[in-house]
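Next up: just one chain, as structure tokens, the form predicted alone.
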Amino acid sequence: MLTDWRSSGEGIPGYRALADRLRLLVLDGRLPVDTVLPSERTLAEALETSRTTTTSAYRLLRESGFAEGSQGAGTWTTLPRSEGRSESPIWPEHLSGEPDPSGARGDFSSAALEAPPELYPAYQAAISELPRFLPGNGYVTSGLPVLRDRIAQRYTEAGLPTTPEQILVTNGALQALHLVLGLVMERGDRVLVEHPTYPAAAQAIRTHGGRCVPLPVEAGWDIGRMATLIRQTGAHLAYLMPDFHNPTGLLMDEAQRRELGAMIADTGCRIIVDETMRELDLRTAVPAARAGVPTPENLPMPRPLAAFGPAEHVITLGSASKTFWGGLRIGWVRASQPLIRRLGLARGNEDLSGPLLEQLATANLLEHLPTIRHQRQRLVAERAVALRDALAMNLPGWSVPMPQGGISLWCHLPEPRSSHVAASARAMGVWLTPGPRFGLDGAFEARIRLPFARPTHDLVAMTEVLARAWHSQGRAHSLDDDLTTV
């Protein structure tokens, strides 16, 4: 990560160039907070520079709030703290469930689509089936058998043989995560978490008393590094999104899944796998959308991660929210039968059961999954291409990788001003989520997540507002000035 640390420009002292590079690595999340840095002598030898350079760089890092140190413990990375700064909410407070205003106003932070055409008929079919359940008490703690069966069938078709007894239906994937954490984690446990990660997942881990250990994944998953972190930190639990990771859109290939399965068996670490985005594969849909031809068949998806690890060590979370509609509030857990039984008992103590009508509607929608999946992939691919093209036109200095799947672009900014830009855009009527919401302890100020869940004309208009927000900052401040406001 420091091979080209001298490239900051001519006339900049070496210690300043080194400190600037280290600070950017911390802001980008590539160098996680609380990472112990090499000693001044070791770093000087590795970089073939003087010890005076590394000593001065570390001093500058400490003065700017990006490092701390103590005698005998060395120097470790931190992030500056601002007095009285409060953390912004994960979701906009104004959400009403109704459509946002069209054009360049409203909520552009939510990575959730409008309902597909099949949703209303699915509810009509559910209502027609409801009378046969009315003589009963309405409580189905583990979920309706027909829905559990269809979810299990979905996993079996994907290469992971599953029975209905291995499925627990929940009120969304987030409730599923809370239930699982309540059973498999103790307060104070360290949990390996991808960095960046889904903010609500990190908050759930903290709520249950866990301590998040960041695993950088912007360049993909490093299974060897994961194993090292598990051994170094004593983490016996990890939360991963290998199927179109939120927010980067990356997909873990089958070879990595096989390697990860072997690592799980070796270390005994439990893995919570979040498959919320699994159906939104853009690998063939995006090239087809750009070429203006019908979407071809998708590339084969890797088998679910649970197919590669010990059954008792891999717990899978799923959701109908991204594939179908967030208003369904249907999620599930796929795990070993003993754990599902324990989760069912825990769920019974929390809210007894989920709504029958939504479960019936979801079971109906799963019957039409291939058709809906194809339509959704084509829809989000068209929007992804339109948003990326509009960003290239209005903000050419930004780097915007095209994701392999999911519903958002993870944009790389040329300067660490994500929070400032989001605040400026909000003043113009556009709600965006800055990069630090997806980091631990405020990392990713040089990133911003832009979902492409809204119609194309809204996304294009939004980029024009975003460009005004970016340029309203005027000329970029010096790095030192920017960092004091992080």
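Residue positions are given as counts along the sequence shown, with the first one as 1. Given the structure is predicted, the values throughout are model-derived calculations rather than measurements.
The form predicted in complex with a small molecule is left out here; the points below concern that form.
Chemist: Indicate whether the small molecule has at least one heavy atom within 4.5 Å of a heavy atom of Phe108 in the model of the complex.
Modeler: No.
Chemist: Please tell me whether any heavy atom belonging to Gly172 falls inside 4.5 Å of a heavy atom of the small molecule, as the geometry stands in the model of the complex.
Modeler: Yes, Gly172 is a contact residue.
Chemist: Can you check whether Gln256 is within 4.5 Å of the small molecule in the model of the complex, heavy atom basis?
Modeler: The answer is no: Gln256 has no heavy atom within 4.5 Å of the small molecule.
Chemist: Can you check whether Met241 is within 4.5 Å of the small molecule in the model of the complex, heavy atom basis?
Modeler: Residue-level check for Met241: yes, a contact with the small molecule.
Chemist: Check each of Arg329, His208, Arg283, Arg290 and return the one that places a heavy atom within 4.5 angstroms of the small molecule in the model of the complex.
Modeler: Looking at the other structure, the residue within range turns out to be Arg329.
Chemist: Considering the small molecule in the model of the complex, which of Met277, Leu365, Val314, Val385 comes within 4.5 Å of it through any heavy atom?
Modeler: So the residue touching the small molecule in the model of the complex, by this definition, is Met277.
Chemist: Within 4.5 angstroms, counting heavy atoms, which one of the listed stretches 321-329, 183-191, 387-395, 300-308 is next to the small molecule in the model of the complex?
Modeler: Contact-bearing stretch, as computed: 321-329.
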